[in-house]
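Form predicted alone, single chain, as structure tokens, below.
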Amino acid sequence: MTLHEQLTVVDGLQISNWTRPVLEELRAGGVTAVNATCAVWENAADTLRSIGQWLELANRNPDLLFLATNGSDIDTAKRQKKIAVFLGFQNSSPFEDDYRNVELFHRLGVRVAQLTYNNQNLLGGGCFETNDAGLTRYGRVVVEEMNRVGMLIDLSHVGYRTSRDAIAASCRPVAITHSNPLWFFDTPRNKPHDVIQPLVDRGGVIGCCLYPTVSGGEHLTVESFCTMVSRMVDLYGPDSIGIGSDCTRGWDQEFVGWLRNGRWQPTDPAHAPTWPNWPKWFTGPHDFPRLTDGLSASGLSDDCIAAVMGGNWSRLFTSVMDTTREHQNV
């Protein structure tokens, strides 16, 4: 049995168009669990429809996956050779302006929510805003509610000041599920040291991301990426680093325009966004074994690779998603 076959691989985020063939790619790559985006710009009603579609997909493919609600489900999935799918939001738009929607969606199975998606919203500033005023009053209420019910806070597309505010406001560890350090690739979507350090100091995890616009593009080598992961381990400790591939399997070109723009700005048909080209060594979740080999070649120990490839996410999910306190303040 290879090292990769022994691992429990957890992907911090994918935003694929989920079908059985896409799920089979995960299984081919040895992926045991994934944070699967089920909402970005959707309001509450549209998100309910998305969750219903996930229920249908899970009911039709019980041999492949189940919808997970706690970190212990990852071990169950590994034993059963299935995929534990954690439903997540990449924006707080499904909560609308009602904090009670946090618990509502938690009860429907959502376990991860990103506070903002690039733009300013009711909770705080996004990473592409010129001015980030920080976590709002409503944002602090939502952070408190997410802590209470056991929903993991994600800061991947969140502005730097809002990120620092959320880390300080949260009584539980938080995550950056799919970003890289700013020193590796300079884009507002990546994170500076003064966001990463307080996050890991409070028990959080950052998922190093393979998406081309935050990792350097199609010419990124496995050696360069794995050297970056190894340096992150040295800087922040082996318990603080994971992988968040940000895979986007199964979508057409039209979807990327909606993903970037939603309905908040028009899309010029002559300059419509297109999906970036991925590096040839990692084009989808079936290529995760290549990543394990690359981390091994970079000099990381087998135990450290096991932590980075899934162990750290498993621990964080278990810590945050423990719902024994879910109703203590109701």
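Nothing here was measured: the structure is a model prediction, and the numbers come from that model. Note that residue numbering begins at 1 and tracks the sequence as displayed.
Just so you know, the form predicted together with another copy of the chain exists too; it's not on screen, but the next bit is about it.
Exercise. From the list 235, 133, 182, 108, which entry has a heavy atom within 4.5 Å of another copy of the chain in the predicted complex?
Worked result: Result of the distance check: 133.
Exercise. Of 266, 52, 269, 62, which one comes within 4.5 Å of another copy of the chain in the predicted complex, counting heavy atoms only?
Worked result: Spelling it out, the residue with a heavy atom inside the cut-off is 266.
Exercise. Is there a non-hydrogen atom of residue 275 within 4.5 angstroms of a non-hydrogen atom of another copy of the chain in the predicted complex?
Worked result: Close contact is absent here: in the predicted complex, residue 275 is far from another copy of the chain, nothing within 4.5 Å, heavy atoms only.
For this session: Give a yes or no for residue 138: in the predicted complex, does one of its heavy atoms lie within 4.5 Å of a heavy atom belonging to another copy of the chain?
Result: Judged by the heavy-atom cut-off of 4.5 Å, residue 138 is in contact with another copy of the chain in the predicted complex.
For this session: Using a 4.5 Å heavy atom cut-off, state whether residue 169 contacts another copy of the chain in the predicted complex.
Result: So residue 169 does not count as contacting another copy of the chain.
Exercise. Can you check whether residue 147 is within 4.5 Å of another copy of the chain in the predicted complex, heavy atom basis?
Worked result: Close contact is absent here: in the predicted complex, residue 147 is far from another copy of the chain, nothing within 4.5 Å, heavy atoms only.
Problem set entry | Check all three, 41, 128 and 161, heavy atom within 4.5 Å of another copy of the chain in the predicted complex | Each of the three qualifies.
Problem set entry | Segment that reaches another copy of the chain in the predicted complex - one of 174-182, 242-250, 202-210, 115-123, heavy atoms within 4.5 Å | Heavy-atom contact with the partner occurs in 115-123.
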